[in-house]
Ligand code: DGL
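Read the single chain below, which is given as structure tokens and is the form predicted alone.
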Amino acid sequence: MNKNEAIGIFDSGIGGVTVLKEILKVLPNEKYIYYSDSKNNPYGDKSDEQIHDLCENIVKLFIKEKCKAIVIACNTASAKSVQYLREKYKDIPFIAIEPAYKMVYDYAYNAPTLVMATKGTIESEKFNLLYHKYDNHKTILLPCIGLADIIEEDNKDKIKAYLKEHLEPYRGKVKNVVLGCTHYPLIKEEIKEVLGQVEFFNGAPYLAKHLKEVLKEKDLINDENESKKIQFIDSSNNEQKEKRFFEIIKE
């Protein structure tokens, strides 16, 4: 591994762009390869073994590209497979996203909280350990089945209808919203339209900070002041997804 090699980032779709945007703020000189596995999206309804296999195939691609670190920007993949990957590929640093529930404990413990996440994340052992350790006893766990898919589609009408149906019962009743899927930060304004004024908690800024610390410790930060290079790969070869990905990067 050397400083000039790329950082690999993957998600079940383009939602992980919200993680990459935070990483770019703290590591502006790096090269990145982003893998959007939209062909197999969503991960949330797949078995652990299926998710292991999907993640491992992507990791093998990143190894072939000599990536110096791998970011798992998918909460479901992180919850289900990061331990498996770390044990199998011991020489590669894996930095994994997780729902920012501990932040509620640290900063807003007494406020009623809604955790929005995929069914796979909410049912995972990793999330449940986190949840029971920091439970404020005022928390609702909401599996948002299908929401990542319609965000991926970028269908505004479907998104608004989904949120109205599933979030309306919590309007005025929650103050904190944990965005437990990397797609969800893309629709914060739409969520506020239904829930009212809420405080969002998102793990991406903390992942970015941790990634920088890991690279610094291994002396792998690229200090050369070159324009950042981002390579986008989509498993279904969807050009529209690539276009939207780079539009979001520029926002």
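All residue numbers are counted from 1 along the displayed sequence. This structure is a prediction, so every number in the text was calculated from the model and none was measured.
Beyond what is shown, the protein has a form predicted together with the named molecule; the following relates to that form.
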property: Per-stretch contact check against the named molecule in the predicted bound form, the hit in 159 to 167, 132 to 140, 118 to 126, 82 to 90 (non-hydrogen atom, 4.5 angstroms); result: 118 to 126
property: 4.5 Å heavy atom contact, residue 41 to the named molecule in the predicted bound form; result: yes
property: Contact flag, residue 181 vs the named molecule in the predicted bound form, heavy atom cut 4.5 Å; result: yes
property: Exercise: residue 71 in contact with the named molecule in the predicted bound form, heavy atom 4.5 Å; result: no
property: In the predicted bound form: members of 56 to 85 within 4.5 Å of the named molecule, any heavy atom; result: 74, 75, 76
